[in-house]
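Only one chain is included here, represented as structure tokens and corresponding to the form predicted on its own.
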Amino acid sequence: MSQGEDLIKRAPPDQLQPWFARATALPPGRAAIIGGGIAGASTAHALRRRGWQTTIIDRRKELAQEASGNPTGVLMPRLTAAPNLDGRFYAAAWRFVLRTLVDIGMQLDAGGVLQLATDAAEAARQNMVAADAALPPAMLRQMDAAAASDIAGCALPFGALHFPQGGAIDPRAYCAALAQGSDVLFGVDVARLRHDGRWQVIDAAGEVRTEVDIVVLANALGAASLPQTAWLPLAARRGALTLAPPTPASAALRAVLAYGGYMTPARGGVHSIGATFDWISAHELNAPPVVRGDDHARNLADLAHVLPGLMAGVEPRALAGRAALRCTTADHMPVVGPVPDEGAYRSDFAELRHGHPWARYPGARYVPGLYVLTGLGARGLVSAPLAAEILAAHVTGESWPVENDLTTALHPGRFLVRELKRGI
């Protein structure tokens, strides 16, 4: 057996989709989680509940200093008008995050979230969402403009979907609550990983910082900087948040408004209004994200398009804000599961381009003890706890917390399988 093969464990075959066969289940041990944002903190929480000792490693000096570091975040479900994998995952994620908040003792600001029916197309979509009943009435109410205005505390010209359990949250406090009980190593820039029976996490100076049984890459775009996962097709989108003082018209707002963008009630004397979602250049990918000159004007313009008087008179150039990079995927779904051995996948499943029956293939082969949770996009505050629960099920071999087709829709190997089917 070659050295490369020695580092790979063959998973038991799956009779239907062998490229998604389960990795070898592991007993509790020590886990290193690379990344101290919502993905890493959620992963630590899920593994600790199963008896794992967890160490969160981050290049920053504190938790939640990247995309999870905004002063205010919004928790609300993402529901689709027609049942599909995307909508089902986020509906399940919404139910799960509400239970998680209770478990960690976090409360959202009161008032909930109003998703405004800003035009005829959105009103029709909301009718379909309400009719689909993906959430029970206690979690989703459709209302007219008068009822929505009563909830909001200010006059609204639109009906809305009201999510009473939604609202604004402090993302940094949220991450800290999820990470409680984990060891932390801050200021560590992970340069490489070495496997020799156990995993060694090595920093840029070549020093081994910890030795563990498993490693979880929860470091967003940073996952693609390591050779084991460099093939992941991750992309960056830059988001800028605007912090604005209340106006006489906005001061009474008591619910989060969602309209494509979002606006929170004033908290600590400022509204959070966001957020841009821009593609970035290769140069920007390697530079700290900054607020651009037109970011605040764009955020205010998006708000003014639907509620023109709410922030009238606010000067964009006088406002503060924050920018961060979000890690996304082409199919808008997170990446959750064991890391495939790329070479083994391309060899074992090379005949996929010819459409050969699935029974001809062996089970997927994975890099032993290496997992990834990334690609959360702009919905990480909601999706990360359920994604981490799915990841923990991959590690332990326990039953999935969601349907099988959802776990395969999130599986890291999906990208390699798609390429192989296309002959790439």
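All figures in this text were calculated on a predicted structure; none of them were measured in a lab. Counting begins at 1, following the sequence as shown.
Not on display, but discussed next: the form predicted together with a small molecule.
- Contact check for Phe89: no non-hydrogen atom falls within 4.5 Å of the small molecule in the model of the complex.
- A residue is said to contact a partner when one of its heavy atoms sits within 4.5 Å of a partner heavy atom; Asn70 meets this definition for the small molecule in the model of the complex.
- Although the partner is absent here, Tyr262 lies within 4.5 Å of the small molecule in the model of the complex, judged by heavy atoms.
- In the model of the complex, at least one heavy atom of Arg60 sits within 4.5 Å of a heavy atom of the small molecule.
- None of Gly112, Gly222, Gly321, Pro316 but one reaches within 4.5 angstroms of the small molecule in the model of the complex through a heavy atom, and that residue is Gly222.
- Screening Val129, Ala240, Ala258, Leu135 for any heavy atom within 4.5 Å of the small molecule in the model of the complex leaves a single hit, Ala240.
- With the partner omitted here, the stretch from 393-401, 22-30, 370-378, 47-55 that lies within 4.5 Å of the small molecule by heavy atoms in the model of the complex is 370-378.
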